[in-house]
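Quick heads-up: it's one chain on its own, the form predicted alone, in structure tokens.
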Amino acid sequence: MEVELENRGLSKRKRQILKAIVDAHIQDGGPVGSKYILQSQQLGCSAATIRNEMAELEEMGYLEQPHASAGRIPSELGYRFYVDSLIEHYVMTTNEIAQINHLLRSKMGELDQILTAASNLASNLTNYTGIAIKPRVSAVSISKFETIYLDPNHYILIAVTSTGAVKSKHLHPITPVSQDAVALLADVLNDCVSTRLADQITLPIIMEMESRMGVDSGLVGSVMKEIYNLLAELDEGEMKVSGINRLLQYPEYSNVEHLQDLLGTLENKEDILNLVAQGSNEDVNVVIGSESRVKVMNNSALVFKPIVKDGHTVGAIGVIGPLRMDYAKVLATLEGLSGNISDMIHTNKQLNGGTRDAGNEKD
């Protein structure tokens, strides 16, 4: 994309003018005129020349003129060129760095908790709406099972997924069970179910499990129900939104109908999950306006960074805001946060298949 845009013949002066207009529009949201460019940029040319350059940039599709007598604002193409070719590196403040580093010191074992905390912080630092995403996983399986015996009527099932997520379930068997039976159940699950996709866990496999469990074969039916539910839940994907009220600060969302449409998209989550699934699995992704193929996003931008573990995308964090988003700050923030999350994932035994404390189970 970047090479293609650079080959469209923008001179150094046009680039400087376009960058100045985008920067100014991001700052105050209004059209930018030639007088501002003349005063703020050292171009060594007249106001008339600047007006001609702006007119040519408009003809080329990089700028728009909202009113006949007004200055120009960036178009989607202008923002895209800015993000790909003109943007300057944002230097984070000491306070912003400290807040991001504080996340690394947090005692959080669940990936869901980490992503949500990072999303909240991204929203606070950028002043846009934050999103935390557990993407759809079409080929998810359980890589490891563990059980923790509590008493004859209670035990905990722990499942570490192929994406690195850790899920636990507090189970109540119909009939009392022994500690040996619960330990055997973990062995049977690891031998017969681990690494298999949901549709690969066939009836003969379940029958084999029941045979191996012997007098405790009744445990198989209930535990498999939980496993199927877990695999289905992971396949659906999940999205949490934070700081949604921040959208109200921007005049771009003053149209109540448009705002309601966007809020509906965030609530339903399907469109956003699809966008994330289609994005790059390594870099920060910037989706500008109609690039999203979601009509209600036409006046908005979505920026997100996938979180990758062992070659698998295990989640994503991002922000949603107006087209005139402060892209430099957003990119730097998401890069900083994603680095901290990766460190937490690789150093946290709970996210790498370690045994969890029985006090951390979830019903």
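Residue numbers here begin at 1 and follow the sequence given. For clarity, every value in this text was computed on a predicted model and none was experimentally measured.
Although not depicted, the form predicted in complex with the DNA is the subject of the following passage.
In terms of contact with the DNA in the predicted bound form, the residue from 330, 323, 54, 337 that brings a heavy atom within 4.5 Å is 54. Only one of 173, 279, 289, 71 comes within 4.5 Å of the DNA in the predicted bound form through a heavy atom, and that residue is 71. Taking the partner from the other structure, the DNA in the predicted bound form has no heavy atom within 4.5 Å of any heavy atom of residue 314. The shortest heavy atom separation between residue 65 and the DNA in the predicted bound form is within 4.5 Å. At a distance threshold of 4.5 angstroms between non-hydrogen atoms, residue 298 is out of contact with the DNA in the predicted bound form.
Contact check for residue 32: a heavy atom falls within 4.5 Å of the DNA in the predicted bound form. In the predicted bound form, not one residue of 314 to 343 has a heavy atom within 4.5 Å of the DNA.
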